[in-house]
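Quick setup: one chain, the form predicted alone, written in structure tokens, and binding and motion questions come after.
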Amino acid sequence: MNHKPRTALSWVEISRSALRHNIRLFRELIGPRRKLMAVVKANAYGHGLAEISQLSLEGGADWLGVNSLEEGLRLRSLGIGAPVLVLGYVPLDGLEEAIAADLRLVVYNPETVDRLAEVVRRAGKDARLHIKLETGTNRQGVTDRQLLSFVRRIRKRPGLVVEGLTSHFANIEDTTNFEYPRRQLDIYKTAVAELAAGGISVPVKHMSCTAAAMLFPETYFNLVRVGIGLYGLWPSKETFLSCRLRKRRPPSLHPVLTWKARIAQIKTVPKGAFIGYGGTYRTTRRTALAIIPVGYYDGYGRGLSNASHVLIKGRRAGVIGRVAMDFLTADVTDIPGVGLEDEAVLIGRSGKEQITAAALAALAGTIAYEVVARINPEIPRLVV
């Protein structure tokens, strides 16, 4: 089936069936009684906030997780009424909008609590808050020593509801030694117990990410956050290896995203021709080139220059010369019949060949998260 849009130079195809498959896998892992949060921050890890949010809810997710107020407001503008938790920081001047839009907020600053008390008094509606407990990432959060006084500060203000307690693992993906995440989990469990001893019950408890969901059922509590795995991508090679070492069956994830572009020109250059800026590649034979209108502005990293491939007619074509702001060049000498506006697959399958986000990440010295999250949001996302 040809999903190429009529005028776009490049586009991203989102597989509805792959996304639903991945949601089913995590549902089976966590069981029917726990809630599942689809983390759709950063434009749904580059996959498209609007498209992925709606498809995730249709596929069985219960909550959505975003990073910013703007993302939360966008979901509400789309008519999405499901619980939305803003995982990142909301500026004090944005709290009124957040409460008006019925967004749940992660809090850890006393200034936020004090401003929220004023907001809910004027608005006449409650604010549902999730306290971020610092267990070892040392970013946002209150320490275990501060937690009880922070909760009491919230509870003494009318209209502020402590709905959740959350934390985040610092080193659960990039290791097969889980001493540190277990220490974080112990801190979290102790904090929950201390709150209970003080007569404080927190209804929603969540700490699990994709890697934790795959490896440690004891992290599930009653809400599980799934980010990278939702999109059919593994958090890391170490996570896959840890599944094997722990004798857990690795989930069969299906990548959700395919990134394609049109070929903008076919040309032939002689042996000894320099390609692109800086003359970093010189041909060793008469060479057929495909000029593809995708560059680092679109999210195809400059670090992939002279290193990666694209797929054309089911075959690999090396990216030669530097990736420019708006163009890259591929060697199609050994691929017969390539024509103007033929498809080039940047991430995804063509025939028996596949280029994964993880493979591009390895070439660029980064992680798959960054590869997909940096795909320009202005590029069309098409559900297929």
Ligand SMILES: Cc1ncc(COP(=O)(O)O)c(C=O)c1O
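We number the residues from 1 along the sequence you see. Quick caveat, the model's predicted, so the values are computed rather than measured.
Note that the form predicted in complex with the ligand isn't included here; everything after this is about it.
Enquirer: May I ask you to choose, among E71, E134, E173, D298, the residue with a heavy atom within 4.5 Å of the ligand in the predicted complex?
Expert: Checked against the cut-off, the match is E173.
Enquirer: Can you pick the one in K237, R122, R139, R145 that has a heavy atom within 4.5 Å of the ligand in the predicted complex?
Expert: Exactly one listed residue reaches within 4.5 Å, namely R139.
Enquirer: Candidate spot W11, L257 and L382, all three in 4.5 Å heavy atom range of the ligand in the predicted complex?
Expert: No residue of the spot touches the ligand in the predicted complex.
Enquirer: Since the chain is shown here on its own, which stretch among 220-228, 151-159, 260-268, 73-81 would lie within 4.5 Å of the ligand in the predicted complex, judged by heavy atoms?
Expert: Result for this chain: 220-228.
Enquirer: Indicate whether the ligand has at least one heavy atom within 4.5 Å of a heavy atom of I312 in the predicted complex.
Expert: I312: no contact with the ligand in the predicted complex.
Enquirer: Using a 4.5 angstroms cut-off on non-hydrogen atoms, would L116 count as touching the ligand in the predicted complex?
Expert: It does not: once the ligand is placed as it appears in the predicted complex, L116 has no heavy atom within 4.5 Å of it.
Enquirer: I'd like to know whether C209 contacts the ligand in the predicted complex, with contact meaning heavy atoms within 4.5 angstroms.
Expert: It does: once the ligand is placed as it appears in the predicted complex, C209 has a heavy atom within 4.5 Å of it.
Enquirer: Any chance L87 has a heavy atom within 4.5 Å of the ligand in the predicted complex?
Expert: L87 belongs to the contact set for the ligand.
Enquirer: With the ligand taken in the predicted complex, which residues across 23-41 come within 4.5 angstroms through any non-hydrogen atom?
Expert: Counting only heavy atoms within 4.5 Å of the ligand in the predicted complex, the contacting residues of 23-41 are V39, K41.
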